[in-house]
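In C-alpha cells, the next block holds one chain alone, the form predicted on its own.
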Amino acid sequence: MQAIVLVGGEGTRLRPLTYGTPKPMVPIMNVPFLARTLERLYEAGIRDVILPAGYMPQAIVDYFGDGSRLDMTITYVIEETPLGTAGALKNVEEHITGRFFVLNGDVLTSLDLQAMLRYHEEKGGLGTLHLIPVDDPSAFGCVVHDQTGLVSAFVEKPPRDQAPTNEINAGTYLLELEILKEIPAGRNVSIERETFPQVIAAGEKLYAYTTNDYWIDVGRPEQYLAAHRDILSGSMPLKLEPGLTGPGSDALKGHPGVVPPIHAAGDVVVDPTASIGPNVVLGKGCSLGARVVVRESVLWDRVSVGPGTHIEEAIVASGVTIGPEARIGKGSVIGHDVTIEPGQVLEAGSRVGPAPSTALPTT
C-alpha cells in the first residue's frame, strides 16, 4: 500500500511564514506538519510514501531523507512547474505500483485510513473520496452522491442557499491505479475539477466516504491557530493531554501567570512575572521577559520577547526578536528573523516579514 502526499504548493495564504519555510514544514505543535501526516500513515500500516514536491524541496529532503529514520521509504519527485492535484499524480506514475492513498498536504484530520480502506474494498469502485459535512459549504467543493455512496456530481463553491449538499471534498482519496489513464501527462490538471468529473462521465464508479472526524485546512493563519487550539483542548486527538505539555513544560510549572493549555519545547525561558496562556505553543529556545503577555498564539523556535510586550492571537516565526513594550495585534503574522522595535505596534491582521521594513498584504 502506498500514499502520495501532495506537498508542492507554495503556501501563499500563509505568507510570510512560507518565505522561509516550505508549507509542509510549517510546524504543528513544534513538529513539521508533514511529519504529523507521516505519523498517521505509519499508524495505518503504510510505509511507502511518494512526495511530489516543488517549492523549496531541499528543506523537506534534508529533514526526512529517504525515510529510513521513520522506518518508511520516501520517494521524491520534483515538479519543475506546478502540475495541479491530478498532474502531480501522473508525474509520479512510474513509482506507483497499485492502489494508493492521496492526501492533501494542507489537511489535518483524525480520519481512520484503515476504515476508509475497508469501505473502498467493499464498494469496489475506481476511487473513494473522503467527505466531511460542514455548516456552510460555499467555500468548498460539494460532492453529490446517492444512499449507496455512489458519486454523481461535483459542485464547486456553490452559494450557501443553492448548495445541493453540505458534504464537501475533504482532500483524502483512495484510488485504483487505473485512474491514472484518465489523466493527461505534461500539464496542470485538477483532480477535483477535471479528472473526477471525467471519470463519472465515462461511467466509472467513485464512492463517497462521509465521516464526522476532525478536519481542518491549516492553509490560512486563522485556521492554523484554530488547529493548535483544537489540539491543545483535545478535540483533535494528537496523543497530547490538555494542560502543560512538552519537554519545556517544567519551566512553566509554578508560575502564577501560566494558564493552561500550553505546549512548550525545550530550552524555554519564561520570566516569573510573565502571563502565558491559554492556548499557547512555545518553540525551542523561546525567551519571554518580565511582564510579557502571550495569549492564543504560536511562537516558533528562538523567539525572543522583550519586557512588557503583549502578543495575542498571533503567529511568530523562528528567530524573531520583539523589543520591549511592543504590541502585537490579533491575527498578526511575523516572518522569520524579523526584528520588532521597542514600543512598535502591529495592528490587528498585520503581516510583517521577512525583513522588518516589508509589510505584506493580508489577502
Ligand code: GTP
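Everything quoted here is computed from the prediction, not taken from an experiment. Numbering starts at 1 and runs along the sequence shown.
The next section is about a form of this same protein that is not shown, the form predicted together with the ligand.
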### Proximity of T195 to the ligand in the predicted bound form, heavy atoms at 4.5 Å
no
### Message
If we define contact as a non-hydrogen atom of the residue within 4.5 angstroms of the partner, is G127 a contact of the ligand in the predicted bound form?
### Response
no
### Query
If you check in the predicted bound form, is G246 within 4.5 Å of the ligand, heavy atoms only?
no
### Message
Please tell me whether any heavy atom belonging to D106 falls inside 4.5 Å of a heavy atom of the ligand, as the geometry stands in the predicted bound form.
### Response
yes
### Summary
For the ligand in the predicted bound form, the stretch among 292 to 300, 49 to 57, 311 to 319, 332 to 340 with residues bearing a heavy atom within 4.5 Å is 49 to 57
### Contacting member of A88, L174, V270, I231, with respect to the ligand in the predicted bound form [4.5 Å, heavy atom]
A88
### Summary
Partner-free chain; cross-checking the ligand in the predicted bound form, the single residue of L83, I168, V280, L206 with a heavy atom within 4.5 Å is L83
### Query
Though the partner is not shown here, which residues of 16 to 36 have a heavy atom within 4.5 Å of the ligand in the predicted bound form?
K23
